[in-house]
Structures are given as structure tokens and as C-alpha cells.
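Have a look below at one chain only, the form predicted alone, in C-alpha cells format.
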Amino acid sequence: MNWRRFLGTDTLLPYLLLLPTLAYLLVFFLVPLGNAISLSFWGEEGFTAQHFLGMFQDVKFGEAIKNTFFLALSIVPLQLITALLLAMLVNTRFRGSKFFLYLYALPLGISDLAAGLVWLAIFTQHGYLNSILMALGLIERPIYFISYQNVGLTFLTIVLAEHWRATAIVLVILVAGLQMISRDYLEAAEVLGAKRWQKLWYVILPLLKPSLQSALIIRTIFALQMFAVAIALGGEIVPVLAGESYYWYSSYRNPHIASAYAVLLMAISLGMTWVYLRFLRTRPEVTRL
């Protein structure tokens, strides 16, 4: 059989190859998204904004949105700085750099909930950290890292757990971006007498901007939507928007307000994506004839 004649034209083949991906997005993304928007804006009486009003009147809404933004503001810059330093270290191609990158990327293979439970085993009252400190004689009684009395410490444990779990995502993106930068630029900067920080500020970071933009968008969206780690470690001590959506759906049996929380998260994520695309966009070079 002549497959080219059967398909009609060679230009049709790429679109046919995309069909499985489009089907996946339709079934697992677009349909749930449409259902969430429908549930948040529609009720028994038809179109309504009462579900969003109920969300705003939730006693934990203010605290949840505050914690969500504070977690994102704490996690994303810390991960970006750590990943940039490690990426520049890996890019030196020292002996064992590939193994180091592989080792640091291992947390990516652990689910969010599993990572949260690992760190819960460390910071709980009778966890590994308290056991080690007591065995060394540094403390006499366990420290309550996770409790209503130490909300700040609970917040810090979530930041540490998420930093350990997801920094590798940013690291992999930045390593790929650094490897795309030609060494000719760095050698030219050295010839002109540029110091290390000047090469970083005037050569590496501008050329790395597309990778930084992608990493920031991905990590900010994931940080805003963080759920399993926050639930495993903070529970209701540090409520977040994704967690409140879960509680309204599973515990309070109100899918409408749960969907309102989900739609709000989507709107915030889209807004942050627009900010990054607007202020971190790479301007195309203009060639003058």
C-alpha cells in the first residue's frame, strides 16, 4: 500500500502523529478543566457567583491564599539560586559531574506524597531528627517542629521538603540551557578582561534567559499548586489553596466550592505566567541591512 497516497499528503503525517498527545490532553486536561469551570459557575439555579462568594467567606481562605503565596515566594527564589549554582558547577564538567547530576535528580522519581512522608518521618515529634539530637545530648525533650504552637517551623519544614524534592527540575533545565551557550562568548569575554561575576552577569544570564523563563514558569505554577507535601507535613496547620480545594471536595462534599478554589488557582497561575512572559521575554535580534 502506498501510505503517502493513503494519507493524502506528507504534511498530514505530523498531525496524525500528534493525535495521541491531543487525545491525552483532551481526556485528562481539557475535559476536567471544563467540568471544574462548569461546577464553579453553575448550580441548581443556573449561572451563579455564589460558589466563589462561599469560597471568599471560607474562614481559611485568607490564610490559605497567604500561605500559598508565601510558600511560592520562599521556594521559587531559593530553588532558582540553588539550581543556578549547581548547574554552573555541573557545567564545569568536573570528574563525576554526570553522576552528581543523576544523584541530585533522584528526588524527581519520588511522588509528592512520598516526599512529604519522608520529611514527616524526619521532623515529627519522635522522628529521626529529634532522635539524633537527643542521642547526641543536644536536647532533653523533643522539639515540636510540626505543631500549631510552631507554625513558623512547620512552614519551614514544607519549604525544605519542597526544595529537596523539586529543585532538580530547575537544575535540569538550567544545565541544558548552559550547555547551549557557546564557549566562544565566554572566551571573548575573557579576552576583553571580564571577571567571573561580569561573565555571569553580562554573558551567561542574558543568554540563559529563555531557560530561566521556562524554569520560573514551571516551578511557580507547581509551587502555587503544591498540595501533597503541604498536606503531609502541615495538614491544616498551614492551609494552602490546593489543600482547601481537596477538603471542600472530600470532607465537606461540596464540589462547587472545591472547583472555585481550582479555578482561582488556574487564574493565578495564568497571571503569573503572563508576568514572566511579559518581563522575561527574549527580544529577537534585529538585523539592520
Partner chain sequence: MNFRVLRRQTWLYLGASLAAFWVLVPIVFTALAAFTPKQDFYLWPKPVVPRRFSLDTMRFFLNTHGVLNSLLNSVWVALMTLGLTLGVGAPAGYAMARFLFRGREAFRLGILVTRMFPTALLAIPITVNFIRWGLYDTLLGVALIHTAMALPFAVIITTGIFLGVSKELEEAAMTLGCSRLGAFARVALPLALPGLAAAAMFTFVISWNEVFAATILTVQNRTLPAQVLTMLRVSPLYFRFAGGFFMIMPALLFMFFIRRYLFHMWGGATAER
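Everything quoted here is computed from the prediction, not taken from an experiment. Here, rigid core means the biggest group of C-alpha atoms that superpose within 1.5 Å across both forms. Numbering follows the first chain given and starts at 1.
There is another form of the same protein, the form predicted together with its partner chain; it is not shown, and what comes next is about it.
- Of the heavy atoms in residue 32, some are within 4.5 Å of its partner chain in the predicted complex.
- Using a 4.5 Å cutoff between non-hydrogen atoms, residue 189 does not count as a contact of its partner chain in the predicted complex.
- A residue is said to contact a partner when one of its heavy atoms sits within 4.5 Å of a partner heavy atom; residue 176 meets this definition for its partner chain in the predicted complex.
- At a distance threshold of 4.5 angstroms between non-hydrogen atoms, residue 280 is out of contact with its partner chain in the predicted complex.
- The partner is absent here; in the predicted complex, the one residue of 81, 181, 89, 73 having a heavy atom within 4.5 Å of its partner chain is 89.
- Applying a 4.5 Å heavy atom cutoff to its partner chain in the predicted complex picks out 214, 218, 221, 222, 225, 227, 228, 231, 232, 236, 242, 245 from 214-245, in order along the sequence.
- In a rigid-core overlay of the protein, residue 35 has its C-alpha displaced by at least 2 Å between the shown form and the other one.
- When two forms of a protein are overlaid on their rigid core, residues whose CA moves 2 Å or more are considered shifted, and residue 20 is one of them between the shown form and the other one.
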